[in-house]
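Below you will find one chain, with nothing else, as C-alpha cells; this is the form predicted on its own, and questions on how it binds or moves follow later.
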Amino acid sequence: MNESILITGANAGLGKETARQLAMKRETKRVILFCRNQARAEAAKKDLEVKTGKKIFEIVMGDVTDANSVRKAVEKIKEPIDAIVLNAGGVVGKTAAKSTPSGMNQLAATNILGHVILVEELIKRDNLRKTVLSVSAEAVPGVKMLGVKPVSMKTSSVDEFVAVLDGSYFGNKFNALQAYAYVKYAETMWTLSMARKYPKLKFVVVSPGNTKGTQAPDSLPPAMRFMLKFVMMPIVFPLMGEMVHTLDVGAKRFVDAISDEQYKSGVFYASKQGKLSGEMVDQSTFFTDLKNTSFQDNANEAIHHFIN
C-alpha cells in the first residue's frame, strides 16, 4: 500500500493520468506533482481535484535537467514518500551536441539527471520508504516497425555510457529516436544497479507502451511526427494487434507496477518482443544484456560522472 506518491512530469499525459488513477485508490492520501512550470502544475492540480473529487494533490517545483533545482526541491519534501514514478522525459533535443550545464546532452539530462539526484537525495535523507518506478521503452530491445534497432554497445563500459550521455557516441549521425533507446538503456541499467544496492527498496522499470494521447511525438522531426501521429497511431497500429493503447492503459502499467507484488524489484517490464502493447513481460528473457551486473554498475558510474 502506497499512501504517498511523487510523480515527475505530472502536469500532462501519462504523469497526470497516473496521478488521477492513484488518487482513486482508497489507500492514497497524498500525490505530489513534481513539475517545472508553475502555471501548468496549478492547472493540472485543479483539474485533478475536479476529476477525482479529492484534495490530496500537492505541487513541488523542480526541473529534472537542472541538478540544483532538483536538490532545492528535495529540501521542500519534509515527510517520507512511499513511491516515486520517474515519468518526466521523452524524445527531446534535435542534436547530440546540445548540452546542459551538467555536461549531459539535452536528451540524457531530461530523462536521467534529475531523476537520479531526486532518488539518491531522498534515500540520503531517509525519506523514501518503498518503491521507485523508472520509465523505459520498448525501444531498448528495438522496435523494428519504427526502424529502431536494439541497443547494441560494443562493451557497455563506463566510457561508452559517458559517450552516450554527453552525445559524442552518436557523432554526426544523430537519430533522436535511436538515441532515445540508448539513453533509456542507461537509465534502465542504473535502476537495476540500484535494486541490488538497496535490496530493502523496490526498484522496477516499466515501459508505458505505445500510448495515444501523450506529447511524446511532439519532439520528433516533422516528417516522423506526422507519420506517427496521423498514419501509424490512428491507422496502422490498430490493424496490427497489440501495437497501441489508450492513455489510461499506459498509466495503469505504472500504477500496477508500484502496487502489485507480482512486479519484482530489479526487473524491466514491457511488451512482448515485437509488440508495443498487451501483456508486460521481463525484457531480460530476450534482451540478455539487462542481466549483466557489470553493465549495470558501469551505467551507474557513468551517470555520476555528470553529478557533482
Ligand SMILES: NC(=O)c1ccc[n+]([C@@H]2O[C@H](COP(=O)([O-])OP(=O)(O)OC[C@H]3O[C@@H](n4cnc5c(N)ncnc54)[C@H](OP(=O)(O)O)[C@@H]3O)[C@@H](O)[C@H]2O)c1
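Source: prediction; values computed, not measured. From 1 onward, residues are counted along the sequence shown.
Note that the form predicted together with this ligand isn't included here; everything after this is about it.
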**Study point:** this ligand in the predicted bound form reached by all of P141, G147 and K275, non-hydrogen atom within 4.5 Å
**Key:** no
Check your understanding: Heavy atom within 4.5 Å of this ligand in the predicted bound form: which of W190, Y180, F203, F161?
Key -> Y180
Practice item. Would you kindly say which of A88, I84, A186, L118 lies with a heavy atom within 4.5 Å of this ligand in the predicted bound form? Key: A88
Review point. Counting only non-hydrogen atoms, which stretch in 59-67, 260-268, 45-53, 277-285 is within 4.5 Å of this ligand in the predicted bound form?
Key: 59-67
Practice item. Tell me, yes or no, whether K29 is in contact with this ligand in the predicted bound form, where a contact means a heavy atom of each within 4.5 Å. Key: no
Check your understanding: Is there a heavy atom of L128 lying 4.5 Å or less from a heavy atom of this ligand in the predicted bound form?
Key -> no
Review point. Applying a 4.5 Å heavy atom distance criterion, does A299 contact this ligand in the predicted bound form?
Key: no
Check your understanding: Taking heavy atoms and a 4.5 Å cut-off, does A12 contact this ligand in the predicted bound form?
Key -> yes
Exercise for review: Go through 132-168 residue by residue and record those having a heavy atom within 4.5 Å of this ligand in the predicted bound form; state none if no residue qualifies.
Suggested key: V135, S136, A137
